[in-house]
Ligand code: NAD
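Next up: just one chain, as C-alpha cells, the form predicted on its own.
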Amino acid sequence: MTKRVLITGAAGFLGSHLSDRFIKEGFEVIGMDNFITGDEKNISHLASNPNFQFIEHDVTEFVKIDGNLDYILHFASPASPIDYLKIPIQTLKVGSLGTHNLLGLAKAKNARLLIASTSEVYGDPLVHPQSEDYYGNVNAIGPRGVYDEAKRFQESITMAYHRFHGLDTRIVRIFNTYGPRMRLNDGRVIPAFMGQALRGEDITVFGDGSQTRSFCYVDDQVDGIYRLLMSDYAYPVNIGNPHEISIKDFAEEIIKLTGTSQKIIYKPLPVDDPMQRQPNIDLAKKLLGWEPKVDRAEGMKITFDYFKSLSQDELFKSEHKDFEKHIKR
C-alpha cells in the first residue's frame, strides 16, 4: 500500500517543499493549513495531483484523519519574528495544543511523528557553535519567548509521549533556511534584504551587523528532514549549514548579488536577538550521512531569481499578512 503522510503547515515555506519531496518519493500526502501564515499559491501546483489532498484546518482544534496514516510532520507554526510578535498567543497554542493534538493522532494511528523545532531553543547562545547537548540561554518572558518556549515545550511533550507511551517520534532543530516561496514581507533577513534591493531601498541592518547567521538552502534542509524521519533516532538533531557569516558581510553580499547601489543603514538591535547562530552538525553527519551540498552563492541566486519573478504589487506591498480572519481566539 502507498504510504500516507500528514504535513501540517503544508502551505508554508518549508511545508510546501516537504509536500513536493514526499510526493516525489511516492507518498500520498495530506496537507493541512489554516493559512494564518501560509499561502495557497505555495501548493497550487499540487492541486491536480492525485497523490495530494488538502484540508484547511487549525491544528489547535481536534485533528481527524480518515484511514491509515504512516507519518506526521508537524510544521504548523509562525516562524518569523514579525509573525509571532503579532500573534503571540496563537504561536504558543500551535506549539502546545497543536502538538498535543498531533501526538494524540499519532498514537491513535500508530504513526511516526516528526516535529519541527528550531535553533531558537538555544536562545542567545553562550556556546558556539551550538550542539544538541547545549541547553540554551532563553528569556522565557521576553517578546521572543512566545516562539522559543513554544518550541521548547513542543520538544518536552514529544519526548514525554515517546517515553511514556512508546510513541515513535523525531525532533529536528531547524537553523536558518532560505529559498523560493519565502514570504517577501515576513521580516527574515534574506527576503528583507532582497526585497529592499529590488525596491531600490537602503539595506537595513540591526545592531552593528557583527551578529552572525548560517543559511541553509531549502533543498538541503528538506533532505535532512527526510533522512531524520526515516532514521531510528528519537532525540533532537540539528539540520543547518555551519558556514557562518556576519549580517554586515551578508548585506554587502546581497548588494553585490543584486547589482544595486544601496547603502547599508543601521538600526537598534531588537530585544533578545541572538548574536551568534551556527549549528554543529556532527550528529547529522554521523547518524544520517547528511551535510549541506548547495553553496550559498548558488542558493542565493536561485532565491533572488524567485523574488525577481514576483509581480510589482507583491514586491511593493508594505502590509504584512492579515492574520485576523484566520484567528480563533
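Note that the coordinates shown come from a computational prediction; the quantities given were computed from them, not determined experimentally. Residue numbers here begin at 1 and follow the sequence given.
From this point on, the text means the form predicted together with ligand NAD, which you will not see here.
Residue contact check for G38: one or more of its heavy atoms lie within 4.5 Å of ligand NAD in the model of the complex. The closest heavy atom approach of P78 to ligand NAD in the model of the complex falls within 4.5 Å. Contact check for Q278: every heavy atom lies farther than 4.5 Å from ligand NAD in the model of the complex. Contact check for F175: a heavy atom falls within 4.5 Å of ligand NAD in the model of the complex. Proximity to ligand NAD in the model of the complex holds for all of D58, V94 and S117, with the criterion being a heavy atom within 4.5 Å. Picking from 134-142, 117-125, 226-234, 159-167 the stretch near ligand NAD in the model of the complex, with a 4.5 Å limit on heavy atoms, gives 117-125.
Contact residues in stretch 1-25 (any heavy atom within 4.5 Å of ligand NAD, taken in the model of the complex) are G9, A11, G12, F13, L14, G15.
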